[in-house]
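This document opens with one chain alone, in structure tokens, the form predicted alone.
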């Protein structure tokens, strides 16, 4: 009796951008299953579609996986991962192998050359539609003699290679969805090598899974019908069939597909609402912007879209892993939440780490229906995880996030202010990003802080005594605090003593006018922390400027 095969799973993205959350979930499950079974997890870059592939996109995928904590035993070399005996791991570098296997199919009569033009095929499709029937390739190319084929090839006539389907039922046994049979005739003679000389996805994936010894293919349900084609190819080539499991797609709460186009739709709506005919200053090249505006099928590059969105103060929806990373979500929370999108360990357990997932993942507990991505729940998970962190851990991780995405913010903070701001923000923040985007006042020039008329009326000019009166009274008290005593505890004792006497102990009546003077708004960390994030000189400057702005001349 032969020894059982080592479990080998794979994740095989096309390098057309950063990692979509649906792809991340597939990678996570493949990785966890291989780890559970003591097997190998490999990463393969399927870049045979030259129009959609780019080297920079491949790097994005690799960085996304590493950030999530998903390492690979075989694949492209990146930050300590990769290598292996079955490379290269970019399909564009494996053409010799594909051509060798294509030649096997042609020699055995299981594949053939076809030379129809795109126009000819389109005419046949239109005819089939007009006659009310499904289009199937008519095998016209099989009427060509061997000599005619060789003559066309020698003359450089553009052609493809098609697989000659045997015309039999194909039963797919799926570990998640169960068994399904695709009737004979549903699959026509599909293309396995394109006119540009590159194999199609269907052919390359089958060859690679065999030569890379893949035993389990876990992927999204959108590939389910492709599996029948792959099984026919495996039989024709004499390959072993891997075990298949097709996972539910991840969609928006309204049932629509989570797509990069969600960002584009929102951005177009914002541009239209702003009546823009030219791009915001210092964002996108005008010609690029105009071309995008005139063609609804075009999308701006992610970096350009982000610049326009920031200029319009629009928050684009997170779709890719990198979006969530930029927004300050924790990788361990993303993995936890993605695992719950289509799978459950049972017993009402919702919060767990990757070690738990590795131990408990079972294919028969993966659901068959689409999973809905609940952003509100994800944000709640993230807030809970941040709240549970030790203070020093939070400060360290927030600083690392700032160094990646808010370097200018960190540079403008006064010495020692970051730790104070982070500590003050910890208990009320939901993402690592929130501290940076809600505390502009901490890095603004003192002269740039302004208070709008509505806020001034509500906070500074109503009541008796008014908020402005309290501010004026606080000036000598704050000014008299020595630099050595500029800390939350000492400032609280001074301001509380004042509030007890001048505001009947109602700290809010004193703290809120002070907050408005310091930040220009009504929301900030606790007032005594806010005071010490700023230097004493900045506090005095801002308070005096506010008093001057709303004090009527005598």
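Take the two forms, find the largest set of C-alpha atoms that superpose within 1.5 Å, and that set is the rigid core. Residue numbers count along the first chain shown, from 1. Owing to the predicted nature of the structure, the values given are computational and were not obtained by experimental measurement.
Not on display, but discussed next: the form predicted together with the RNA.
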Handout entry: Contact of residue 26 with the RNA in the predicted complex (heavy atom, 4.5 Å)
Key = no
Problem - Contact of residue 249 with the RNA in the predicted complex (heavy atom, 4.5 Å) - result: yes
Exercise for the section: Answer with yes or no whether residue 356 is in contact with the RNA in the predicted complex, where contact means some heavy atom within 4.5 Å. Expected result: no
Exercise for the section: Classify residue 200 as contacting or not contacting the RNA in the predicted complex by the rule of any non-hydrogen atom within 4.5 angstroms, answering yes or no. Expected result: yes
Fill in the blank from the handout: Given 460 to 468, 396 to 404, 98 to 106, 191 to 199, the stretch touching the RNA in the predicted complex at heavy atoms within 4.5 Å is 191 to 199
Practice task
Quick one: from 415, 287, 376, 303, grab the residue that has a heavy atom within 4.5 Å of the RNA in the predicted complex.
Solution key: 376
Practice task
Identify which of 160, 423, 312, 444 has a heavy atom within 4.5 Å of the RNA in the predicted complex; exactly one of them does.
Solution key: 160
Problem - Whether 222, 340 and 346 all lie within 4.5 angstroms of the RNA in the predicted complex by heavy atom - result: yes
Practice task
Within 4.5 Å of the RNA in the predicted complex, which residues of 504 to 529 have a heavy atom? Give them in sequence order, or say none.
Solution key: 507, 508, 511, 512, 515, 522, 523, 524, 525, 526, 527, 528
Handout entry: Residue shift check between the shown form and the other one, rigid core fit, residue 297 Cα at least 2 Å
Key = yes
Problem - residue 262 C-alpha moves between the shown form and the other one by 2 Å or more, core aligned - result: yes
